[in-house]
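Starting off, we have a lone chain in the form predicted on its own, written out as structure tokens.
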Amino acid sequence: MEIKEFKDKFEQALSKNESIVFFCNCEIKYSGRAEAFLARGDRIIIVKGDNTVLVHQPEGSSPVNYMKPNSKLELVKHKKHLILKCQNLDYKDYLDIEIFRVYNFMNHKLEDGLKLELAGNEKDMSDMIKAKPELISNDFKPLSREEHTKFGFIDVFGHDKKGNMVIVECKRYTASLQCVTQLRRYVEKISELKGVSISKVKGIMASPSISPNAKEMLEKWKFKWVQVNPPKRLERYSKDQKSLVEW
């Protein structure tokens, strides 16, 4: 693509807040969070409608450099080339992309106001436990989920057949020492709030795994760990899924 044609298309798309993707041979100079220089090479440049700029090399998932939203962009002529000057004064970031050759150019007005749906978080776990209390124990009866208190949210609150109050703390990853400390804090506060002996409030940590020191502390405080994996309703692959050969 001719440099002049690229300049015209880029400026038109930029004025319309369109998303832009172009493939080019360029050189990168950056000043801001650090000082960086990337010699001439083939890159993928993405400019989003909010003037976020991403510079990608042909391989890898992370940008080699980027500019945050609401950056000021200007395409200026430099000898026989162009320089895309990007600056974000709020963050004191400056990025110069010297463009020697443009291979391809695309632009389009994109609309997307939806938020990413995260499956398998603590809320999903507490929903699952409330619906299937046997995941914790056969005598556990949940009363509420995400119980709000002045000291935080209890994921699942209930009681057992012996009349003990039960607090279940859910973690979607490995439960750490900090998680156990948090559970202890909930147990102590509920004991104080309800005016019952701390021995009548049982703490249970529900997570896929637990660190050794966390498990040791859990047992010291006479709490319990139950292995519960978060629901994976969006998962496409399961290691337990049978192959055609196994069928």
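What you see is a predicted model, and the numbers here were worked out from it, not measured in a lab. In case it trips you up, residue 1 is the first one in the sequence shown, and so on.
If you look for the form predicted in complex with the DNA, you will not find it shown, but the lines that follow are about it.
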Exercise for the section: Determine which one of 38 to 46, 60 to 68, 218 to 226, 190 to 198 lies within 4.5 Å of the DNA in the model of the complex, judging by heavy atom distances; exactly one does. Expected result: 60 to 68
Handout entry: Partner proximity in the model of the complex: L177 to the DNA, non-hydrogen atom cutoff 4.5 Å
Key = yes
Practice task
Decide whether K79 counts as a contact residue for the DNA in the model of the complex under a heavy atom distance cut-off of 4.5 Å.
Solution key: no
Handout entry: 4.5 Å heavy atom contact, N104 and the DNA in the model of the complex
Key = no
Practice task
Tell me, yes or no, whether D93 is in contact with the DNA in the model of the complex, where a contact means a heavy atom of each within 4.5 Å.
Solution key: yes
Practice task
At a 4.5 angstroms cut-off on non-hydrogen atoms, which residues of 152 to 167 are near the DNA in the model of the complex? List them in order.
Solution key: F153
